[in-house]
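Each of two forms of one protein chain follows alone as structure tokens, named structure 1 and structure 2.
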Structure 1
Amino acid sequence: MLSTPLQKGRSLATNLCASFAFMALPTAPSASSASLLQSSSAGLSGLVTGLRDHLTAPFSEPSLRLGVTGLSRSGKTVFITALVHNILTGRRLPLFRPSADARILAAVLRPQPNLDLPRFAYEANIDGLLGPQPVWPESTWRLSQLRLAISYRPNSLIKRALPGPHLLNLDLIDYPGEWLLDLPLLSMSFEDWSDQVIEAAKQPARAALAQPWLDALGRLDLNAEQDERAFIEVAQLYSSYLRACRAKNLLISQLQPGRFLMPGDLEGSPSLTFSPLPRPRGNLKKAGFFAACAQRYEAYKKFVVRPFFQDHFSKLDRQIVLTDLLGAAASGPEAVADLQTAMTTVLQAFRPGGNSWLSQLMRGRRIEKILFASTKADHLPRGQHPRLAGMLEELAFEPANNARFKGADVAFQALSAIRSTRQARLREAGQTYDGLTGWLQGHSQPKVFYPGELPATLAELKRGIDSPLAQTRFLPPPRMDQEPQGLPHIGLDRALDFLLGDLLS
């Protein structure tokens, strides 16, 4: 065998590195998917890349990978579009220090580092938002990337004394939020996962939706060999069950596999044609349907989930986690708890912690700053934004606490990357109330809303709120680019200041 010595050397190095990683990382051996990712990425190549990156860092332009994390419909695409537009057009954002102090000289879009990825459709998105009939960007169905290069005047005297233009390359990645939820699969066997999914499907809230799929499973002999048609039928029934759940905002933390909802380029491939199955009675046959599905499940994990996270999420420097807390609260008591579960599971995949040069070498880059943002703040009057942020803080206590413990900076805020409403005061019988006006589909005039008030505590919010407003889809307001301060937003500048401010100083 020609490759044996090479393989040996590699595996030796991997072992060495693994032991390094354990020395440096005496974390609790939680069977989280994170450790799986780490062990596979912290190979010799990882160390070499880390060393090379570190040694060349002073001579190359610094770049920052900003992870925009969020389930589907949480506003990732709009956030990236608004961020890029505000920086590209040089708008002054008063709470984003580099921008407020006019230290950002210019910004341009550059060719992205990963040439094999589609480019983020910034131009199409912004044209849609600023067009005569503004529309929100279409929902994301595949990975895309964008690099924004920012040239700035440093604040610190030492940096200013260094020659050359001061640049920061900001790499942004957009992807379907559905894919994020695949993460827990990495640490689950096919049997465990199937049990969990089928258990959840039998709950009263979802039983009706799951019935056609469960019936089809009942008709099949799981230990017998089946032809491809059976695979396709079951997979289709299962994915339509997932779709129905998503439409009703039920059980969003367990809508796996994510590619069943948003297949991307892999539609129709065998690794996307399987379904969770109940354990067959009797001995498991190797050639049976169950075993075949289990095999495809493993293939899905190996060829779809792991590369996605390894290539795009293991190298993040900063992260913003977008959460639609209002939407979850409006769709019922279960949804908030479910959102909490989803957020906790997803964030287990990321490795927070400070980045010193030594730790970077030893264990790869870590996420130094995490911003938890509660999106759609524009669906509430501004007086209630602090309360919304406070509730998110309570909801995300566990992952945030974990990140803080490992040395990352954590912040919470209410956010609306593009503000689609205006504040209004409603007066009746001498009393005034906070209201909103916003544009709806099919109306030539903005409509006035009374959004009511958020409950005072998270416990009350978890019981659900009874407001159609939280699920109302406002249109982007017309002629946004003519507003004096640029695209209207809520808290975008504060978010940018937290995420990028220190790097541009």
Structure 2
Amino acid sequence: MLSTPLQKGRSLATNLCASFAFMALPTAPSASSASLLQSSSAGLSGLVTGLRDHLTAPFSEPSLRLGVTGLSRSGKTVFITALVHNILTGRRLPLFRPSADARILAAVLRPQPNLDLPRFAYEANIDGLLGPQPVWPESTWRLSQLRLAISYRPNSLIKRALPGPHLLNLDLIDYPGEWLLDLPLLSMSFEDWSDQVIEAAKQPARAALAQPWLDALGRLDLNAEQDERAFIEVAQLYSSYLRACRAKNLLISQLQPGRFLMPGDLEGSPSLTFSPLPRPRGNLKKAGFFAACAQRYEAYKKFVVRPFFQDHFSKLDRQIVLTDLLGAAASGPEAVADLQTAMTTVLQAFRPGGNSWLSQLMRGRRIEKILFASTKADHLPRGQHPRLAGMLEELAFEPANNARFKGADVAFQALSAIRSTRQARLREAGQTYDGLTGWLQGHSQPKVFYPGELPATLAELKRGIDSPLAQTRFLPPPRMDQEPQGLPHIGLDRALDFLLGDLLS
């Protein structure tokens, strides 16, 4: 049987990789577990993989792995659904240049390349949004993937002269931001982590939420024989405390382990059935309750945290980070400060930088573009959107500056992947105000609101805001399937242009 050029190219690349492998030496291990993780794709495995990918590139269809993350309720699922729907239906997105110039010829969903990952539920999500009674899709609770193949007409004369269709396979990787908060655990012992969590739980803002769990810790015999019922009870109480913190936007940066809130397919497994414990006094039994919890904590890091970063996260090309800054501000100053800590923790997990062929060979892939988006922009009149984006940029200045220093392209913007409100003008006492109108649960007609004025600086925002819309949950607007311009949005086209525009040129 004759081989195709693609098969010959891949075979040649594989043989060259095998010949080159003996030359590659693994990099020396670094001091901390986090550093070990971040350099895991270097060395023998990363070098050979990078060489293989570079040599097969001329024989393969171009592909891009776009990571979509954010903490709970930040809008990840809605963003991916709106992105895919607008491109599949050929809607004109005026600030997305390939779409505005009518250079996107067609788009289809294709089987995803990673068969071990759940498929993103695009069809169910869009059916719910476009149904007779629109509903928001369920939030992200596990890792998922969707491949969108885009056929386009390049604007480069050189590219146009090349034969064959011009395709880009866009692999969308959806994952909970809570999982990234586990990164610090890799360099922390069970005892040190427990001390940090228990101390934070005793602070005034969280003490009442943590009391049932803390009371259970006081009743534990740390040297008792292992009893699965005791593991389950204390793990459930600790998980309930974490969920209560998340609901009030408290202690976001320490919602660890992240899988306790987003267990995915691991729900009920021993690696998710443990809890922080107070430091024991006296000698410990090797087979006692404390030792067993410490063992499960280490197993969680080994079998859950490291594989996620090594198998999926380290292979991303570009990234969008969605943030509910308005929701945090409505919960008070402590929540905003904690969101800033959480974002810094999340972004420390990224591997930013350029992706030249040589750098990929030597140090593995890097995230070359990062977009930070403050969601729920439709909760504010359009005149306040630049201020919302500016506050997010101030909030994430340090990690963003570090990413730029390492060669990544970074941008900030306000965003609503599906706009659930419309602008309105309100008059009161002879004065005119910018307002909004939107649909709320239980109302047969849209309701008009005055959202208030966003503070001018992040420092003012950290002191809290008094806005009736900061935590209001609007329903999706009705009859979106009849919109000639596709799903209504704020800034989705700008986001797509930053993340994809250069690859479709």
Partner chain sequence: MKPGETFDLGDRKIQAIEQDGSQIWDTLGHNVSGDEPEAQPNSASASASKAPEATASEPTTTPTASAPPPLTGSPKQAALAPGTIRPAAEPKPAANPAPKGPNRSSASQAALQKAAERAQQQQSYGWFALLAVTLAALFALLLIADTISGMVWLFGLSSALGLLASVLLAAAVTSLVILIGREWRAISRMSRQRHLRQLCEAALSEAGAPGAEQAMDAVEDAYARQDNTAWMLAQFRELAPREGYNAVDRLEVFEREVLRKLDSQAVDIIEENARNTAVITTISPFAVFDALFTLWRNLRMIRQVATVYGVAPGFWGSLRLLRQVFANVLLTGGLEAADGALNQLLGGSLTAKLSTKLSEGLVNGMLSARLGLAAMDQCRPLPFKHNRRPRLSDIGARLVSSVRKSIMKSGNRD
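Just so it is clear, the structure is predicted and the values come from calculations on it, not from any experiment. In this text, rigid core is short for the largest set of C-alphas that superpose within 1.5 Å between two forms. By convention here, residues take numbers in order along the sequence of structure 1, the first being 1.
Just to confirm, one of these is the form predicted in complex with its partner chain and one is not; which one is it? That would be structure 1.
Is residue 295 displaced by at least 2 Å at its C-alpha between structures 1 and 2 when the rigid core is overlaid? Where the cores coincide, residue 295 shows only a C-alpha shift between structures 1 and 2 that is less than 2 Å.
Determine whether the C-alpha of residue 207 shifts by 2 Å or more between structures 1 and 2 once the rigid core is superposed. After core superposition, the displacement of the residue 207 C-alpha between structures 1 and 2 stays below 2 Å, so no.
After the core is matched up, is the C-alpha of residue 285 off by 2 Å or more between structures 1 and 2? Yes, the C-alpha position differs by at least 2 Å between structures 1 and 2.
How many Å does the Cα of residue 430 travel between structures 1 and 2 when the structures are matched on their rigid core? That residue's C-alpha sits 3.1 Å away in the other form.
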